[in-house]
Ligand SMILES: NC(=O)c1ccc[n+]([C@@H]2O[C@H](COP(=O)([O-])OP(=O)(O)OC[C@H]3O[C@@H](n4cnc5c(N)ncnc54)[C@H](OP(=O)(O)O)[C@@H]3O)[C@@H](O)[C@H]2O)c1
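Here you get one chain, nothing else, as C-alpha cells; it is the form predicted on its own.
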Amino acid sequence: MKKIDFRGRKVLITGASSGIGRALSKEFAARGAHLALGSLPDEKNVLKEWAAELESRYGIHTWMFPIDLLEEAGPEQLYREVGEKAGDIYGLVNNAGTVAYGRFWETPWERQKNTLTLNLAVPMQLMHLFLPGMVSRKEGVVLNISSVSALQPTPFQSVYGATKAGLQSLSQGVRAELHASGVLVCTVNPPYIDTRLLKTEGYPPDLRFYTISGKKSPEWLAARTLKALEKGALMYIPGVSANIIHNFLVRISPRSLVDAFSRFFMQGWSASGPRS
C-alpha cells in the first residue's frame, strides 16, 4: 500500500485541547497537515493558544470548533461548521471520549449514558456525516481511537469497554464496505495512556494494571500512531507487551481465567474503590 501523505491535507481531530488529541495534532502538524481542532466550549482559550502555537511552529492553518459533542445537535453542528470554515476534510480522527468507573449497577446512569454517547454514538454519527464526501472524492482516512479494552472484559468500567468494542466492530465493518473506495477506516488500540480520563471521579490512582503495563504518555502514543497510520495499518496496538497481554493471551486463555484476571487488575491496590 502506498504511504499516506498528510502534507497539505485537512484533518479534523475531536478532543484536541489535551491528552491524546493534543499530541496527535502536533504529529499531524509536523507532517504539514492543516487542522480542524475540536474541544469542549470551556476549553476554547486553551485550544486557541494551542492552535496559535501549531500555526507558528509548523506554518499550517488551523480552525477551532469548541462544541459540546454530548449535546444532541453537537455532531451535526461540528459537521456543518467544519464544512463552512475549513471545507472538505481528508482525515477524521474520532478521539473525544470519557469513562465512568465503578460497579455497573451502582454508577449513575447519566455517567454511563454519556460514556456510551461520546465514545460510540458520536464517532458513529461523525463517520456517517463525513464519509459520503470522502467516498465521492475517492479519498480519505478515518482514525478511530479505540483501546485494548475493546479486546477483553473491563470490570468496573464495563460500559467503556463495551463502547470501544463497538467502535472496533464498527470500524472493521465499515472498512469492509469501503473496499476499493479510496477511503480507509482504521483504529489505534492503546494500553493505558496518562490522560485526564485516568483522573476521572472514582478512578483508582493505583490501578493494579499499572503494575503490569504502566502508563504511557500521549506523545509516546501519537508518534507511533502516525507512523503506523501512514503505512496504512488497519488496527494498531502499540507496544510489544500490550500485544501479548491484551491480544494474544486474552485470545488463548479460558474465559473464566480472563474474567478473574481482569477483575483483579481493574481494581486499585488500596482499599478505595470497588472490591471483589
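This is a predicted model, so every value here is computed, not measured. In case it trips you up, residue 1 is the first one in the sequence shown, and so on.
Below, we turn to the form predicted together with the ligand, even though it does not appear here.
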| Residue stretch of 245 to 253, 61 to 69, 27 to 35, 228 to 236 approaching the ligand in the predicted complex, non-hydrogen atom distance within 4.5 Å | 61 to 69
| query | Do all of L12, V93 and S171 end up near the ligand in the predicted complex, with near meaning a heavy atom within 4.5 Å? | reply | no
| Contact of Y192 with the ligand in the predicted complex (heavy atom, 4.5 Å) | yes
| said: With the partner left out here, check for me: in the predicted complex, does some heavy atom of L40 sit within 4.5 Å of the ligand? | reply: yes
| task | Flag L126 as yes or no: does it have a non-hydrogen atom within 4.5 angstroms of any non-hydrogen atom of the ligand in the predicted complex? | result | no
| query | Does at least one non-hydrogen atom of L198 fall within 4.5 angstroms of the ligand in the predicted complex? | reply | yes
| What is the one choice in V82, L143, L118, L151 with a heavy atom within 4.5 Å of the ligand in the predicted complex? | L118
| request: Could you list which residues of 155 to 184 come within 4.5 Å of the ligand in the predicted complex, counting heavy atoms only? | output: Y160, K164
